[in-house]
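First, one chain by itself: the form predicted alone, in structure tokens.
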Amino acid sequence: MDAAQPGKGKWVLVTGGSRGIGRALVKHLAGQGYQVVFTYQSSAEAARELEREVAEQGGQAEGHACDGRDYDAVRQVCEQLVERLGEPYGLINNMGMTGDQLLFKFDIERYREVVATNLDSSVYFSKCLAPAMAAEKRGKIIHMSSVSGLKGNKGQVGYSATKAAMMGITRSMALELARFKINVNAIAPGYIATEMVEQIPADARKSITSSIPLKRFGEVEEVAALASFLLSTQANYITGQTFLIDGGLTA
């Protein structure tokens, strides 16, 4: 195996891959030789730009519009990909939204949207691609959770619930799929420097930074590097675990 191209000959799917952490995952993995497929819901322009950037760097990435909350849409995309590309090597369930709202002002439809976007989509994609991985007797599934699933956050009842649930899903899937040599793990980022964090007012960002032992936000590339390790053969004996990457926030 080419040490510089550990992903050569393998394809992975990154959901919600056109922005933020997902975008970094796509670029990083393409740089390692993986053929990367990513989904997006509405940001077609950002998806096309990402495809161009990856191609210019000599990598392979293709975006597909898919509403991860719609099981039939997910099934259709996954079936088409498996038919065209063969068995997937990896799946990173990165699609997500925060939908912050305080309990007393709760909008139930918004809550349901958060649950469907973060949680249902992860189950749908896993259900659709795990059988193909099992047929090959190999595979890696990574769920993008969050420290909010461990420590909670004001206004994030729905978000925290989904991210905690993803840790439980990780453990259960790991037990179910171990006999097929499929590793299932989760990554729980803290505050990462994405477009979403940049929208936080400057004084609030300063307060957040002071609460983090390492005194800074994480970089998307750091999260991508952790995901890359979990996809690698070096992580073949790791399954059912949640890895925190939060600068010590939950220490």
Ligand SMILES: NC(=O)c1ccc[n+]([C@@H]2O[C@H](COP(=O)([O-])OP(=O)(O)OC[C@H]3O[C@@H](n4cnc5c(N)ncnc54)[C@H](OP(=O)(O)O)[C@@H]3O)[C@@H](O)[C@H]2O)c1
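Numbers follow the displayed sequence, beginning with 1. From a predicted model like this one, the values you see are computed outputs, not experimental measurements.
Absent from the display: the form predicted in complex with this ligand. The rest refers to it.
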* Within a 4.5 Å heavy atom cut-off, is Pro189 in contact with this ligand in the predicted complex? -> yes
* **Contact label in the predicted complex: Thr194 to this ligand, heavy atom within 4.5 Å** => yes
* To do: Please check if Gly96 has a heavy atom lying within 4.5 Å of any heavy atom of this ligand in the predicted complex.
  => yes
* So, in the predicted complex, is Leu91 in contact with this ligand at a 4.5 angstroms heavy atom limit? -> no
* Answer with one of Asp67, Glu219, Glu62, Glu49: the residue that has a non-hydrogen atom within 4.5 Å of this ligand in the predicted complex. => Asp67
* Contact stretch among 75 to 83, 157 to 165, 171 to 179, 103 to 111 - heavy atom within 4.5 Å of this ligand in the predicted complex -> 157 to 165
* Ser18, Gly22 and Ser146 all contacting this ligand in the predicted complex, non-hydrogen atom within 4.5 Å -> yes
* Taking this ligand in the predicted complex, which residues along 32 to 61 bring a heavy atom to within 4.5 Å of it? -> Tyr40, Gln41, Ser42, Ser43
